[in-house]
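Shown here is one chain on its own, the form predicted alone, set out as structure tokens.
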Amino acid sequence: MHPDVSQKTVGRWSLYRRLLDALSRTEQRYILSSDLARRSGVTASQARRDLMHLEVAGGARGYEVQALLRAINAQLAPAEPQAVALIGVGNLGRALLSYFQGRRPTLQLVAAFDIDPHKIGRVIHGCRCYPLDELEAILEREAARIVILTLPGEAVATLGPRLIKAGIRAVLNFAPSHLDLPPSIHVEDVDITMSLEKAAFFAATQEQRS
């Protein structure tokens, strides 16, 4: 990974990968950076800057789809499999377990946590659920350094010190609450409610203009 690559560039690489992965299943062998930009909703100049980090040469016909896909995979896929844990096995947690299980071999969901006694001890979508009281011990045993949070907002506030103690390096936070963590821990906040409200606002705005 290049040290000067921004978080936004990494996010766009992930988007490009999904598009290229779909193209790789078709007969299209090459793609222009302008076409990739159009499909991704970014400017052509931005796409070219993102691709420059990958050190893949483009020709008159553009970039070879498979070569570009391999280059992005080399950046986004860790050299060794990484263990991921999920905290909160509600409706969203179950959906994420179902969606991600087996989708990325280098990102392995190794444990889930909840306080519901009816879920503890069960294997849900291939992932065993443990009591939240055992969080630090299980994370250490499984060498998990990434967690996904799908808890109610009020339940997140107490988790910060425990995640630090467990040696967590990155958090994907779906909870509507801020996590007080040091800068050394990467936090990716996913606020579904805010995104939906933004979509509704702009939909209403366009409705008024039409």
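Start at 1 and count along the sequence shown; that's the residue number. Here the rigid core means the biggest group of C-alpha atoms that line up within 1.5 Å when the two forms are laid on top of each other. As the structure is a computational prediction, the values presented were derived from the model and not from experiment.
What comes next is about the form predicted together with the DNA, which is not displayed.
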Inset, instruction - Could you tell me which of 137 to 145, 150 to 158, 28 to 36, 169 to 177 sits within 4.5 Å of the DNA in the predicted complex, going by non-hydrogen atoms? - result: 28 to 36
Inset, instruction - Using heavy atoms only and a 4.5 Å cut-off, decide whether all three of S6, S45 and V56 touch the DNA in the predicted complex. - result: yes
Inset, instruction - Answer with yes or no whether R61 is in contact with the DNA in the predicted complex, where contact means some heavy atom within 4.5 Å. - result: yes
Legend entry - R49, heavy atom within 4.5 angstroms of the DNA in the predicted complex: yes
Inset, instruction - Align on the rigid core first; then say whether the Cα of K198 has moved by at least 2 Å between the shown form and the other one. - result: yes
